[in-house]
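Have a look below at one chain only, the form predicted on its own, in structure tokens format.
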């Protein structure tokens, strides 16, 4: 991958950038030495290079078994427990996977509490052979716990206790928690969520690797890409490193008052990679009334909707563009004699070439409109490249968090809605809050 920062330079002054650059080596040291806030959740730093061969082989074997017996594979989880896997799977599978003979189809549950969504899913699963992975460190997170309870009962009714147990994999704590206890009692196959790896950094653990392997994707290539980026970060914890350059420039733009970062892609297969990135950065940095707000768009589609705002709206944003150099396939625009659609001027060109020109034209237009652009150029969308990108963004996230002087690895704000929800539902221990919340809601 390559980093192009040329379209940010008109918006930054050298003194500000140099000041932030001077802190980068110490910031890396905070990460590598595990001396900063949240240091008990830095297990992801060495994770790629320390991934055990036996673990990869075991995941591959389990995935192969599940693939043979499943038309559908359900990933039950929320946030980091499913977004990383979904990002990789949707980036690498056929765009129309449900309509082609790719089995199993990977679907998701436990990431919402929509009654209609679950009913629709159950109606599909009534007619299909399926298995599932339930991903939760505690086993009591409300959304996935509800979905798993319903799907577990559906599996038992469909296959019986013994066969249902063979179709469930629990990815959870190594020793404690409701899901671990249930897995021990029922005999589910289990994998461990490492104690020192938080959910949004867990895609390179079994949390992400098992669903990705069930989808038929090469998890070894994914890990290999992450290993290469890990080694680069450790070899060059300086401004020679693209991770450092990205972290420094986005922080400099934030210091200049640009508080919104828009992840831009020109390939629809990267939509869920943007969703993973949004959680990673939003949950890591949005604390103490600080942090860059992460958003995303898919161009050129969203140039016909959000493009107007980005070009001419409030000037508090910058863009980070993931630019893919090479398409997997070749399709050229045909010539037509009457040229009624006036496209003969690009006849014979590959669609990917037109897409690239649209990208470059947009970068220049947005720069002219006062929007800095960071370009991350990757050669292709492949498992190895995605592994590099995952580690790239994880390390830059940690560096950026420490530059903001927040703990990048906790999420205290997430608990606020949960406490209110528990009180409104009448959960034991929340009685004191219930009356006040009902009063505020006029109930």
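Remember, predicted model here, so these are calculated numbers, not experimental data. Numbering follows the first chain given and starts at 1.
The protein also exists as the form predicted together with 5-phosphoarabinonic acid; that form is not presented, and the subsequent description refers to it.
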Looking at heavy atoms inside 4.5 Å, which stretch does 5-phosphoarabinonic acid contact in the predicted complex, given the options 246-254, 336-344, 130-138, 148-156?
130-138
For residue 27, is any heavy atom within 4.5 Å of 5-phosphoarabinonic acid in the predicted complex, or not?
no
How about residue 372: is it within 4.5 Å of 5-phosphoarabinonic acid in the predicted complex, going by heavy atoms?
no
Answer for residue 199 alone: is it within 4.5 Å of 5-phosphoarabinonic acid in the predicted complex, judged on heavy atom distances?
yes
Using a 4.5 angstroms cut-off on non-hydrogen atoms, would residue 279 count as touching 5-phosphoarabinonic acid in the predicted complex?
yes
In the predicted complex, the one of 80, 294, 225, 291 near 5-phosphoarabinonic acid [non-hydrogen atom within 4.5 angstroms]:
80
The unique member of 411, 384, 400, 51 whose heavy atoms fall within 4.5 Å of 5-phosphoarabinonic acid in the predicted complex
411
